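One chain comes next, on its own, written out as C-alpha cells in the form predicted alone.
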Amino acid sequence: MSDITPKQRVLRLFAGERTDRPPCFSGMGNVTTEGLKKFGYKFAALHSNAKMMSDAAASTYKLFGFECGVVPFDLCVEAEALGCEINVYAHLEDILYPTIKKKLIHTEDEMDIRIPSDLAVRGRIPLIKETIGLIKADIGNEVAVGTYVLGPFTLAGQIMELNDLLKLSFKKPDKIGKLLDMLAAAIIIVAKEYEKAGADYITVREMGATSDVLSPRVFKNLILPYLKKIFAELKTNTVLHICGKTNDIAVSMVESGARAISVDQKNDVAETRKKIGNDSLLFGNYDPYNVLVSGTPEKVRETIRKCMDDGVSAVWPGCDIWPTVPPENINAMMDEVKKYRR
C-alpha cells in the first residue's frame, strides 16, 4: 500500500478504507511565500486571477509534497456574491487577506434579505470554479483538490456586525435562525457549483460557532440544524471545521452529517477521539502559526507525532497555514508523517 498516491490515500480515507498512514493535507488555505516566489506573484493579485490562484495552490504540493490543492485563499467569496464590498489590498506588498469593506446588513431591520437569483454567477464564484478546474488539470491526478465555504453563522458574521449577531443569537434566536436558514440555502448553491467544478472534498468553515463564544446548548439548537441542512445536500466528501475549544460539541459536530470533523489546536484530540469513537474521521490539529511557522523543525516533528499518537485520521492544520512558513518546517512535517506507522 506504500505506493499509493496522495490522492488515493485521501479518497480511501473518506471512503472508510484502510490507508498506510494518515494523509497530511488541509481544507483551508496553504499557499506559501516560497510558492509565490517561484512565479513572481504578489499575494493580493491571486484573489482575482484563476491561473495565478491555481499556480499558487498547486505549488505547496509541488515544492513540499503537501497532499492537496485548495482554493480560495480568503473568506469573503460568499459575502461578496451576496452583495458585500471587499478590500483585497491590491496596492500593498504585504500579505493581507481580503476583508469586508461594506456590510450587507447594518441594522436589525435589514436582516430580511433574499438570495440573489443569479447567486451562482455572482462575484468570484465562477472564478473559483475555473480555478478548481485548472488545479484538477495540473495536479488532480496526484492529489485531492479541495475547496471551502463558510458556515451559516460565520457567514452571518461577515455580512453583519458580529456584536449584533451575537446579541441577537441570545435575545432573538428565532430571527437569527431565519437568517441562518437563508444563508444555508445560499451556501448550498455555492457548494454545489464547486461540486460541479470537480472538487474532491469541501470544507464548511463554521469558525464563528466555537464553544469559546457559544454554549454547547446554543450550538445544538441554533447552529447544528443548518449545518445538517447543508451536509444533507452535498454529494462530495465533506469536512466540518470549527475553531477553538470543541471538545464539548465534538459529538454534535459528527451529528452534522459531515464525513469528517476538523478541530484546531485548542482541542484535546485524545479526548475527542474517546467521545466520537474510532469510526468517525477526525482531522487536526497542529498550530499552523505558533508551531509550523514560528517553531523549530524539532518542535514541528514533536507536535505532528503527538497529533497522530492522539488519534487523528489526518494531519491537518488548526486553520489556514500562514504563507511565511519556513521550508525546513513544512519539510519536517511531511517527513514525520511519511515515516509514521501506527
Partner chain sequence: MVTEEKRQEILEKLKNAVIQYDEDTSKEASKEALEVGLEPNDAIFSGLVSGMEEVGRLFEAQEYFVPELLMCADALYAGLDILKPHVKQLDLGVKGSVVIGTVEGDVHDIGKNIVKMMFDVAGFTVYDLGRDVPLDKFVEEQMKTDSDLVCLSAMMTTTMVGMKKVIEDLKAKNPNVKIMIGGAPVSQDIAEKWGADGYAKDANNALKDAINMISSLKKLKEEAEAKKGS
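Everything numeric in this text was worked out from a predicted model, so none of it was measured. Positions refer to the first chain, counted from 1.
This next part talks about the form predicted in complex with its partner chain, which is not shown.
Of the listed positions (K192, K228, K178, K167), a single one reaches within 4.5 angstroms of its partner chain by any non-hydrogen atom in the predicted complex, namely K167. Though its partner chain is absent from this view, in the predicted complex it lies within 4.5 Å of a heavy atom of just one residue from D112, E161, E85, E255, which is E161. Looking at 181 to 189, 139 to 147, 117 to 125, 95 to 103, the stretch with residues near its partner chain in the predicted complex, meaning non-hydrogen atoms within 4.5 angstroms, turns out to be 95 to 103. Residue contact with its partner chain in the predicted complex: G198 places no heavy atom within 4.5 Å of it.
Using a 4.5 Å cutoff between non-hydrogen atoms, H91 counts as a contact of its partner chain in the predicted complex.
Shown alone here, Y289 lies within 4.5 Å of its partner chain in the predicted complex, counting heavy atoms only. Using a 4.5 angstroms limit between non-hydrogen atoms, W322 touches its partner chain in the predicted complex. Residues of 203 to 224 lying near its partner chain in the predicted complex, listed in sequence order, are S211, D212, V213, L214, S215, P216, the criterion being any heavy atom within 4.5 Å.
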